[in-house]
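Only one chain is shown below, in structure tokens, and it's the form predicted alone.
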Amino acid sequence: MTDFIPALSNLPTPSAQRIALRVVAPAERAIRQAHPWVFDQSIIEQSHSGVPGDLAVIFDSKRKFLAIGLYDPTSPIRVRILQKGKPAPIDQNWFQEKIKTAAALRASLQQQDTNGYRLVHGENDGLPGLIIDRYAETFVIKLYTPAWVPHLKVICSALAQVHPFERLILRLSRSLTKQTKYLHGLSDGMTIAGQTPEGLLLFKENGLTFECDPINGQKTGFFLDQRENRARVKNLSKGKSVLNVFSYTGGFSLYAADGGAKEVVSVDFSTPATEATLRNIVHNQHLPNVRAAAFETIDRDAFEVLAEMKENNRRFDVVILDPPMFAQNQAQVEAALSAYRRLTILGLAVLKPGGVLVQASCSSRVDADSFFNAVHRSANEAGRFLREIELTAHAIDHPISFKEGAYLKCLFAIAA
């Protein structure tokens, strides 16, 4: 049995008394269609008040069981659905089955020399507001709502039963770190099982070695969602010069080199990120193609670097544009699309005729059609017709089960 820190034993337990709810007809329909959220304004009847993590049972208009979920009075998403249609005890066995199902979906990744991936993708794997990522034998649980706090020990025990680990680290969303009242001593980056790592961790992705910082790094330490797009870049890079813009710690850069790229330039505003890129290059020196590639890192503003490269007539065979989220909310969508269009024009200005443009968006507020249309329109304005090779979305370990869960889209195209 895995030993967890004593703090987990001191967490509150959910109330034995379930909160009974009734919701408006559109919310009923959404639940029947497997939507994982119930918003506060959809509730028309509630038996009593509750605290984060209490279980709420939703009844339909005929007073029959509709669903059960985690109650969170601190969020407009008032209930996160766990089980619908048929009642079931929400206990360790229930959580184990959810994690086991998620693990089975990702089983093929381990045959691809990969031990870094997302094991549980929140709502899309039936555990809304909770992420579990794997980095070799270290697992990271990230919570996005205080509703998971009373269930954390049970979740950790369920995970240990399905997939034993050397250590388990807890990450909290930015908003959750501010809700100290409901954290009961938990903190972002704390080790809740095993020994706290003394430094960075190494893991494998398609045979490449990467480092991550699961305690202080962005997300849970690495951007795991672009693995399959990185592999596509590898297949397009033989003998090519490659520019990786918003390179972070060099994921696309290493794949391009492993694919035989002769030159790889990585651009990121963050100096620590470019330093990590250099370390990742060292981690992969045993690979002949990586050892043979010429690498350059630039830690400056991406838009400024692209404009400067255009002025200096510097051109590449492959240009990768993978920026951070441009739209945090609906009000920022137009500004985000404008930024994508500007980025497309700048990227194409340094792409050789016949070269490959790889452009991605991780902004969930910007839908795929709007994004791809913006890229094509900007390319036409720049006089560069794009012939699509492929349009991609989510990888196997980032499944999507409801509309709002979709965020990642990527275009691969040859530019005339």
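Since the model is a prediction, treat every value here as computed from it, not as a measurement. Just count from 1 along the sequence shown to find any residue number.
Another form exists, predicted in complex with a small molecule; not displayed. Remarks below refer to it.
Q: Is residue 83 near the small molecule? Define near as a heavy atom within 4.5 Å, in the predicted bound form.
A: No.
Q: Using heavy atoms and a 4.5 Å limit, would one call residue 211 a contact residue for the small molecule in the predicted bound form?
A: Contact check for residue 211: no, nothing within 4.5 Å of the small molecule in the predicted bound form.
Q: I'd like to know if residue 218 sits close to the small molecule in the predicted bound form, meaning any non-hydrogen atom pair within 4.5 angstroms.
A: Result yes; residue 218 sits at the interface with the small molecule in the predicted bound form.
Q: Hey, in the predicted bound form, does residue 247 get a heavy atom within 4.5 angstroms of the small molecule?
A: Yes - in the predicted bound form, heavy atoms of residue 247 and the small molecule come within 4.5 Å of each other.
Q: Please identify the residue among 263, 308, 97, 301 with any heavy atom within 4.5 Å of the small molecule in the predicted bound form.
A: So the residue touching the small molecule in the predicted bound form, by this definition, is 301.
Q: Exactly one of 171, 230, 106, 151 has a non-hydrogen atom within 4.5 Å of the small molecule in the predicted bound form; which residue is it?
A: Looking at the other structure, the residue within range turns out to be 230.
Q: Check 223, 252 and 269: does every one of them have a heavy atom within 4.5 Å of the small molecule in the predicted bound form?
A: Every listed residue reaches the small molecule in the predicted bound form, so yes.
Q: Mind telling me which stretch in 116 to 124, 332 to 340, 317 to 325, 71 to 79 gets its heavy atoms within 4.5 Å of the small molecule in the predicted bound form?
A: It is the stretch 317 to 325.
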